[in-house]
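Read the single chain below, which is given as structure tokens and is the form predicted on its own.
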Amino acid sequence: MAEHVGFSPWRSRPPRRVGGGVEAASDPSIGVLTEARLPRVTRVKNKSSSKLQITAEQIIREAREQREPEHPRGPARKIADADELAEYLLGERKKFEDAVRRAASCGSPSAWVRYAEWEERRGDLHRARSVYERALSSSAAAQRDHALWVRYAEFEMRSRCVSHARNVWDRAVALLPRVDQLWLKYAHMEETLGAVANARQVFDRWMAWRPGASGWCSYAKFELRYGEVDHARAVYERFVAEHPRPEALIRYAKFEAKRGEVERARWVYERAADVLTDDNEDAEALFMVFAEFEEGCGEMERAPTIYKYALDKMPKGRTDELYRKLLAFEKQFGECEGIEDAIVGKRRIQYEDEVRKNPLNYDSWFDLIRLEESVGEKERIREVYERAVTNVPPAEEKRYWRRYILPMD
């Protein structure tokens, strides 16, 4: 008789197919999965690149465009009557007053500017002007903030209140005369209005404070815009009188050269060479520009003369660039004799620098003497010998005096 087999809860059941794979069957006797199959890997039939390519930059840009604002605007408020409008304005002004009161501790005028701009957008110019005046009188730091003065004056200009704008600019430049931006914007306003005489008067007031090179050049450019070459030349004359530096003189000479006034430009350069001292650090730049100017004018004899004049006048330690320029000029335009002179001069500077650093370096003295003997100038040779023999060895030992006496070992 066959044994009847009943249902047992502990009997393992066969695996069941789910979604194309095989579900794992559990066996309670061992407590682990007895069978597991991974899902089939989908094969890509077309591995060619897509016609529509999307870059990471495009993804980031689209994400930024679709990003919602962090502080969304509230619903638009509809104002029905005058009482409701007055209530709204009162609330907004209270918010601005609280903001400027909180900002008073840090001294930033940004809250005042936002308050004034809000009143300006409403069309209440009197209240906007009052806000700016309160901002200027709020602290000493606010009065010295030139950006606040610029905002105030620009507000008056936008409102077409020319008299008020002039008043603001006058107060600003009187309080902060060393801020070039205030003077430039003041003169620009007058020039925009067509008041050329007023703009010139503003520049004259500015020049009385002796500004930097940018201020003088702005004044000269203003005169040139209206064809007043003589006035511009007078401005440059005042400029080089106040700032007798190579930068100012070079600007003046270039101004004359640009207008074809070669003789005037040369006169400016020559005057600069006479005025500058030998220890001026920028003198080398002036002489190089002067020589390049003569070279551009076709004066091939004057250009090397300027280089040599500068080499004789300037300290020997600051003439490396001049020698390089002279040598390049002689190689391009000069003759063999000029090239040799330039090379000898460069070597002379090198030996002079060596003996200046170490007067007991007799090898350098002998090199310098041989160089002068090759040139053949007796006075210079004698002068070098006299300088060399004055550097006596420091001790009476043979090893010190050997090189002093003998030119060669």
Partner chain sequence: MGKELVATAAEANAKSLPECINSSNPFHECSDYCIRKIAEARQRLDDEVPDSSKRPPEERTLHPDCINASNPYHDCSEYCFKRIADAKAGSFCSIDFIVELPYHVLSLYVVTGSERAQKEDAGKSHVAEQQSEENEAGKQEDAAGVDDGYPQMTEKQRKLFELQLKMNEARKANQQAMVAEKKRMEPRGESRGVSKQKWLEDRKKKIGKLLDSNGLDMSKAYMLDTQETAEVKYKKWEKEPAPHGWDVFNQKTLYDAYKKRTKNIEVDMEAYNKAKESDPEFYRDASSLQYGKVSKVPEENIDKMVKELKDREAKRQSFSRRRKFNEDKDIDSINDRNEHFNKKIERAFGKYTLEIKNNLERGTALPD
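Source: prediction; values computed, not measured. Numbering follows the first chain given and starts at 1.
As for the form predicted in complex with its partner chain, it is not shown, yet the points below apply to it.
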Review point. Looking in the model of the complex, any heavy atom of Leu193 within 4.5 Å of its partner chain?
Key: yes
Check your understanding: Does Tyr226 reach its partner chain in the model of the complex, with heavy atoms at most 4.5 Å apart?
Key -> yes
Check your understanding: Does Val275 reach its partner chain in the model of the complex if we count a contact as any heavy atom within 4.5 Å?
Key -> no
Check your understanding: So in the model of the complex, does Gln143 come within 4.5 Å of its partner chain, heavy atom to heavy atom?
Key -> no
Check your understanding: From the list Ser130, Ser108, Gln201, Ser139, which entry has a heavy atom within 4.5 Å of its partner chain in the model of the complex?
Key -> Gln201
**Study point:** Candidate from Val44, Val41, Ile54, Ile60 lying within 4.5 Å of its partner chain in the model of the complex - any heavy atom
**Key:** Ile60
Review point. Can all three of Arg64, Arg160 and Lys185 be found with a heavy atom no more than 4.5 Å from its partner chain in the model of the complex?
Key: yes
Practice item. Please name which of the stretches 286-294, 218-226, 79-87, 252-260 has residues with heavy atoms lying within 4.5 Å of its partner chain in the model of the complex. Key: 218-226
**Study point:** Partner contacts for 161-189, taking its partner chain in the model of the complex and a 4.5 Å heavy atom cut-off
**Key:** Val162, Arg166, Asp170, Arg178, Asp180, Gln181, Leu184, Lys185, His188, Met189
